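This document starts with one chain, in the form predicted on its own, laid out as structure tokens.
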Amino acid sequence: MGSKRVPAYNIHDLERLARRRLPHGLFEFITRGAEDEITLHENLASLKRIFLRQRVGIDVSDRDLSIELFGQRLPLPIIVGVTGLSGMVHYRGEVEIARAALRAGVPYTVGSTSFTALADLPAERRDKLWCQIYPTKRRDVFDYQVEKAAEARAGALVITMDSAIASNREYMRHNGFNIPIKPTLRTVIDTLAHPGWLIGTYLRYWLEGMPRFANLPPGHGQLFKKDADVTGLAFGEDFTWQDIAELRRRWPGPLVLKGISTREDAAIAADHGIDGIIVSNHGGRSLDGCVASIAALPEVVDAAGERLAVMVDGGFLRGSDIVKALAMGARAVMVGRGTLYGLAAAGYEGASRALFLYREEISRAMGLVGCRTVAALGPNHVTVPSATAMPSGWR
């Protein structure tokens, strides 16, 4: 796993390769946050303020990185999270990331803005294919996506709860990269300056017909059409726990809520029979100034108890940071930008390289803190700031 032909030795190397290959507007779309980007930067900084406690004199020659999640054994404590416009980053991007995740044996989360239909994504085991949906103002659009996820036998349904209102990303207006995409002189010049992406991605789509969001109803998924109808993408500002209760009755498989960051909402999710929650602030792309994901993790873990699986995302660009989250009670960590950088850099090989790097770094960090299994990680393996400290009595 992880092609040596991709000249990257960490996720930061893949980010630099992605920056060189992608048009500036598209790169900013995948890497930047909302407003002043306080939360975006705090996601990263707060992880670095947590330190691992290194134990020695332990036989760690045989390390097992596997976990159990929703009744299946995964070889890594990782889920490839949803990332918007993967299909723009690389030709048939969702297919390439899905292939990389399948090779690594971990689930891949495909989102509402996928150019590839759920049923067309490669997955030897459909339970490794997760589907993410935004609550939409048009409930018929939301129901359509749920039905498509059921038809594709998705292994889990992920509902994003932290984006009831469209976020404020001013840089998108500055660089001219908006949805639906309407080319301007600036974006044309930007694109021409990146011929690798222009020829390898954009022109390939143009020759076969410009793509649409394949998992939305016909007429609602046009990305490049000047007069595109985007009403189906409008966020459901009136989507409530009552809607979640109704969805829980309809959806028979694992149901996961993404964007939970408080003990109150974790407890409500558990009371509604939710199977898993993802502690997330949308990668700092939704509400700027909200708490970092890793800082919110302890109180969510405490409130969830054993009633549901707690996952986390936001700023995990090193395997050692993933180990910190696991020690603080996360069942698994969702990675998004890391695999997206790999995809942008080198398609399937780049995404595979990202997952290989994560695996190597997790294994190394586990060994150096004296743990042979993920289950052995606990609060005694981390030192955290008092504001982030884990509740007394946990584990």
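Numbers for residues come from their place in the sequence shown, where the first is 1. All values reported here derive from a predicted model rather than from experimental measurement.
Missing here is the form predicted in complex with a small molecule; even so, the following discussion is about that form.
- Only one listed stretch (138-146, 239-247, 185-193, 280-288) carries heavy atoms within 4.5 Å of the small molecule in the model of the complex, and that stretch is 280-288.
- Although the partner is absent from the chain shown here, 258, 315 and 335 each have a heavy atom within 4.5 Å of the small molecule in the model of the complex.
- When contacts are judged by a 4.5 Å heavy atom cut-off, residue 251 does not count as touching the small molecule in the model of the complex.
- In the model of the complex, the small molecule stays beyond 4.5 Å of every heavy atom belonging to residue 100.
- Not displayed here, the small molecule is approached by residue 134 to within 4.5 Å at the level of heavy atoms in the model of the complex.
- Although the partner is absent from this view, residue 29 contacts the small molecule in the model of the complex, with a non-hydrogen atom inside 4.5 angstroms.
- Contact annotation: of the candidates 340, 355, 366, 327, the single residue with a non-hydrogen atom within 4.5 angstroms of the small molecule in the model of the complex is 340.
- Distance criterion of 4.5 Å from any heavy atom to the small molecule in the model of the complex singles out 160 from the list 167, 175, 320, 160.
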